[in-house]
Every structure is written in C-alpha cells, then in structure tokens.
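Here you get one chain, nothing else, as structure tokens; it is the form predicted alone.
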C-alpha cells in the first residue's frame, strides 16, 4: 500500500527554481513538499558562481535573443522582486556589477538553499531527497498530486498545485542528440548529471506539450579533450577569453562573431564539422584575459597551461605560419587557417566593417607573439527546449489551454531563450516567483 500525504504544493526538483518557489510558498503559509531525486538539493545552481543577473531591459534582452517576448518579460518584470526578497531574507549579496550585457549580484547560493529548506520545514513541509517522481496525478481539468518512489517504497502526495522544476534535459545524451544536434550526443556536461528530461516527460504525460522545436542551449567553449568532473573543471577549462581571439573550423574559416561571448559561439561551434574548433589568441590576450581570475575575488589562473596539462591539444608558436603544421595534425586545414588569420589581422586593422563574419566588438589584431592555439569544443550547462508555458508560468496542453494547477519554472520552461542567453539563475528564480504568484502564494 502506498503511503499518502496531503499538502498545498508539490515541487518537483530542488534546484534554484524549485527551492525559490518552495520558500516563497512556505513564507505565505503553504505546506510544501519538495521532491529531489539527487542525494542533495541545489542542482546546477549549487555548482554555479552564484551570479544572479539578467539584461537591464526587455529591449536589451531582445537584442541578444529571439526567444518568446512574453516569457522574456517575465524575467525582466520579476527580477527586481526576486532581489528584494533575497535581501529581506538576509541572503548575503555582493554589490551590483556588470555581467555580459546585463547587470547582477553574486549571492550566497548555499545560504539561499539552506534557508529555503528551513523555510519549508518551518511551515510544516518537507524536502525529500533520493526520491523519484513517477507520475503527476490528474483529476478533472487539473492536477491532484504526484506519485513518488523512494527506497522505502512508493508514496502519493496529494496536492492541487504542482510545480515542475527539474532543470532541463542536458543530462540525457539521446535527448540532446534528438532536440539539439546529432553531435550534441557526445558533448561535455558542464552541469549536474541528474537533469535528464524527467520534468519534460512528466509534464507531457500529464497532458502538457513541448514548446515547439528549440535547438538552443546554454554552454561554453572548453578545452578539448578534457574530462569535466567537478565544478572547478567547469571554470578551469572554459575559454572565456575566446571573445578576444579567433575561432576557426576544420576548413580553416571563421564561422561566428567571437565577440558575442563564448556561450553564443558554443552553439555555432557544435554544428561545425567534427564539432571541435581551433581557438587562436596572442600574447596580449594571454596576458590581459586568458590568465584573468574566473570570477571577482578569485585567484588568476592560466587556462592554456591548465588545459594542456590535462591533455587538451594545444600549442604555443612564435610565428603565425608555424600554426599550419599543428593545425594539419589535428585534422584542420592548416594553410587555410593561417590565411584566415592573416586576412583577419589585415582587415581588423584597416577595414573592420568588411569582416565576414562581422566582428561587433574586441576588434584588435591577433598579432603579438607568441601565439596560442587550443582545440575547443562545446559543453552544455542547460537546455532551452522545454514545456509549453504561458507568461503566468502555467503548463499548456497541445491546444494552448492551461492545465489547472500545473506550473513550470526554470529550464523546464521552453523557448524563454533560443539563440541567446540572459542568465540561468534569473530564469529559474523569476519563473518560480511568477508561478507562485499565479498559484496564489
């Protein structure tokens, strides 16, 4: 016989979205049960640097991304309320600072997560770990709770309101290949491994729908080949300075505006022949950017040296011409690579407007020896495809009608972002807030 428990809200997933929603609802007096299948809460948020940032305006977000404008608006509208709520709860927060094309604060992520657990338990709720959600129960036009499985057996959590917040499907190689690109099957996972599409499957089984095709993802360019095993690896092997260098595909051509940031380049790089590219930079970039601290307050590090010591394929050369043989050895067209670099340096110094692909920023020649060359590949943090969700954070059925009592937050919301990105923690927290407003908490 299944154990049974009545509550006001079930939250599936204990990451940033799930724990923010749970704490918000608990603060309003709701009895909440959070179901987390991992041994610990936090998901990918617990592995992040804790920067809660987003675009400074809806227009700015639209400039960098072509996702659903109604869903963009949720992030912009709820973001100030999220920050104020965190301040009121006493979560340690750094000063506002520029992040990419937006602004944000670094928060004490572990403090937020611990505080959310306390809030839930103080209101009579529970945060259960190592527990799988098997199904979302339906009753009439709405939901009636969930069925869970734990080592102690199955349980039925009865609730008229359920939030799906499992963090996307980046942990499932076959889903990546199906929804992103065949080469995505072998991508490095720059994330927690447990977000494997369970939320998407649960939502569809409960009558929801997927929000159309979306092959976008948030990721970074990382040294190749290296193993990504810890959150330190995620930072140490990421080539953030690629915005100042030149990216070349196997045909020896530039294929993207590198200055848009490496998270944007990673989407295009995945689709190049062989799914790896060459990143080339010079001594100036090495000195000023490649050895810079990964986040404010951290110690500087040499990403080139770290990568090569870990087995990545890289080299240092005194002349651009010397790159050709090395590129050939990796399966790239070495002579074409050198010709492209020479052409880039010529044009960027004399006629940057003629560059193809164009270069919006950081248009300085790569001409100060020695030159650094590193093979890089895309690694994924979270997916952009997900459940069809409206601007009230309600799950929609295939006809566009909301499913009563079923809400979605975080990376399980489909089509907020597509080709761009304006913050993952912000996406999670703002949709958690919108969902709880809609739910009446």
Ligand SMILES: Cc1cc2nc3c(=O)[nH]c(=O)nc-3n(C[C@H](O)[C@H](O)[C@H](O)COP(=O)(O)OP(=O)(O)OC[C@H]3O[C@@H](n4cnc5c(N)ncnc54)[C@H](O)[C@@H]3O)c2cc1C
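Keep in mind it's a predicted model, so treat the numbers as computed, not measured. Numbering follows the first chain given and starts at 1.
Although it is not shown, the form predicted together with the named molecule is what the next lines describe.
Enquirer: Please check if residue 55 has a heavy atom lying within 4.5 Å of any heavy atom of the named molecule in the predicted complex.
Expert: The answer is no: residue 55 has no heavy atom within 4.5 Å of the named molecule.
Enquirer: Flag residue 190 as yes or no: does it have a non-hydrogen atom within 4.5 angstroms of any non-hydrogen atom of the named molecule in the predicted complex?
Expert: Yes, residue 190 sits close enough to the named molecule in the predicted complex that at least one of its heavy atoms falls within 4.5 Å.
Enquirer: Give a yes or no for residue 195: in the predicted complex, does one of its heavy atoms lie within 4.5 Å of a heavy atom belonging to the named molecule?
Expert: Looking in the predicted complex, residue contacts with the named molecule include residue 195, since a heavy atom lies within 4.5 Å.
Enquirer: Any chance residue 50 has a heavy atom within 4.5 Å of the named molecule in the predicted complex?
Expert: Yes, residue 50 lies within 4.5 Å of the named molecule in the predicted complex.
Enquirer: Heavy atoms within 4.5 Å of the named molecule in the predicted complex: which stretch among 23-31, 393-401, 375-383, 64-72?
Expert: Among the listed stretches, the partner-contacting one is 375-383.
Enquirer: Considering the named molecule in the predicted complex, which of 281, 79, 234, 304 comes within 4.5 Å of it through any heavy atom?
Expert: Contact check passes for 234.
Enquirer: Candidate spot 7, 145 and 163, all three in 4.5 Å heavy atom range of the named molecule in the predicted complex?
Expert: Not one of the three qualifies.
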